[in-house]
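In structure tokens, the next block holds one chain alone, the form predicted on its own.
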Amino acid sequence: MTAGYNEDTRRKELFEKKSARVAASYLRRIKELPDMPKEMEPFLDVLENVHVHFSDVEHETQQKTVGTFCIMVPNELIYAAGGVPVRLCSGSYTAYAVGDETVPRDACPLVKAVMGMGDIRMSKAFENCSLLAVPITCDCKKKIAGMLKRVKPTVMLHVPPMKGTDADMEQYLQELYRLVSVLEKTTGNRVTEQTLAESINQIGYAQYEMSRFLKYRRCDPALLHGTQVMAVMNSYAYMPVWKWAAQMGRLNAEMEKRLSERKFIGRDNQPRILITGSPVTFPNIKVPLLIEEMGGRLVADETCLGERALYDPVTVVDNSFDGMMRALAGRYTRPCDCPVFVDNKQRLYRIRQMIKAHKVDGVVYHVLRGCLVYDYEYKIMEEELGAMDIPVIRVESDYNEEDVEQLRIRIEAFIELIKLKNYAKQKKEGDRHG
């Protein structure tokens, strides 16, 4: 018994050291990008606490934490019940390696990492959750919900495949009412009209600060590195919403000062890149880093751990409890452009908007190996972007560093292609005006 215990302990310590080393390495590379805003440091400190030191998320002693696995779980309901949401979608290479032993080979790495996190029990953020909330958005999420239920109380949310009719909204609304009931039993607090209104306003404040921040991200020349922006967005998963929003306010003040002093980074002619596709979850942030290390400027992302999570506020028309619940059901489905929905024309429209607003020169379409819902849409995206004369590259990756050099070569070639395209365009315009 003792020998077995020692073996398990040594195995856990080995995985913890490896996981901490990988996360610390990526944090260091993010911090080494030139001209990092000072007010960005608290966001990176949160990522360090959770992924390097394996600390729990900040919350009051009496508060229960609720682990979520998708942005389709309304955080407003968790806050309204007196809880604190924790986004547990994992980008850990070490947890992925553990999960690879129990999850089918062709499952996506994010799902393997989630299962590995549960098996190795090295994350206090995961271990201390009183409830897990898993939206059924794909086959893998469906199966991990059942597996997670063996280790922790788990509630599943059935997301309708369509979102355009009242019947679809009614189906999802009933799921949210069911979630409220489970949250109340878990936290011991009632979700009232007042607490729900307060939580909607709290998250609305964070969305407002995010909308301000995106104004600075759109600047040309760029004011900051896109990889650092993605780290900030990842930190939202582990910070109380009021604290995240307040810190975003301080960061926005610093960005306003930088803009007034014209403290831009990089060069004017760097290709402006948008990344879309599968989630970019810390510490698996190698693709954004490679884009910027290879001479691109990451100016926008259309991912569920990036701008998509906070860009659209809840619109309340009816202030009754049911009216607010209906507003939440609408906000978390109708504007959502996740490919799990059958009709996803909104995603094409959203990306066209972003290309125009951020002056995008090229798109990196990121696919986690085994993430079929995003991979399925690549051909549609390629055709749409081709019609807009916007270069696009599909990059497939896994949760390890074995593919880094291959990714580096392909991304570098893609960025050089855009540079040549932009140079030819500028020369043509110069010849015409000359």
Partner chain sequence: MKKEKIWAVLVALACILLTVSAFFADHLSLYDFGMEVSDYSFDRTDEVPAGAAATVWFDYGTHGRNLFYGYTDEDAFKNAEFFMRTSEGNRKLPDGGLQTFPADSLGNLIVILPEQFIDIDGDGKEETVRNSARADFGANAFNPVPQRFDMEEIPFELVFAERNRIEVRYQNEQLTHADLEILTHDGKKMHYQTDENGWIDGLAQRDIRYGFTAVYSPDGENVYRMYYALEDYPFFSWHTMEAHFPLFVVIGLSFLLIALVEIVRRKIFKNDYARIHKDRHGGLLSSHPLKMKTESKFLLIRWCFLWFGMFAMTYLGKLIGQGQAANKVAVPAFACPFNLDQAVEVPCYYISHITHLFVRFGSDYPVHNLVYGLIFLGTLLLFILLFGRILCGFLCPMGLIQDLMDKLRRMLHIRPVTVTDKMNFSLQTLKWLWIILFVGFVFTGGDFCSICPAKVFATAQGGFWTNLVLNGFLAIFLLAGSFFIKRFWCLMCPMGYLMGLLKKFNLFKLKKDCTSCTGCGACYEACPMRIKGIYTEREKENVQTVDCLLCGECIHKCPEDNALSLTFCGKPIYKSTRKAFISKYAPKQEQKKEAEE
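Remember, predicted model here, so these are calculated numbers, not experimental data. Positions refer to the first chain, counted from 1.
If you look for the form predicted together with the partner chain, you will not find it shown, but the lines that follow are about it.
In summary, the region of this chain contacting the partner chain in the predicted complex, judged by heavy atoms within 4.5 Å and restricted to 131 to 139, 221 to 229, 81 to 89, 245 to 253, corresponds to 245 to 253.
Relative to the partner chain in the predicted complex, residues 163, 198 and 315 are all within 4.5 Å by at least one heavy atom. 173 is the sole member of 173, 72, 338, 156 with a non-hydrogen atom within 4.5 Å of the partner chain in the predicted complex. Think of it this way: in the predicted complex, the partner chain has a heavy atom of just one of 290, 95, 191, 233 within 4.5 Å, and the residue is 191. Although the partner is absent here, residue 342 sits far enough away that none of its heavy atoms falls within 4.5 Å of the partner chain in the predicted complex. Among residues of the shown chain, residue 260 is not one whose heavy atoms approach the partner chain to within 4.5 Å in the predicted complex. Although the partner is absent here, residue 186 sits far enough away that none of its heavy atoms falls within 4.5 Å of the partner chain in the predicted complex. The closest non-hydrogen atom of residue 240 lies beyond 4.5 Å of the partner chain in the predicted complex.
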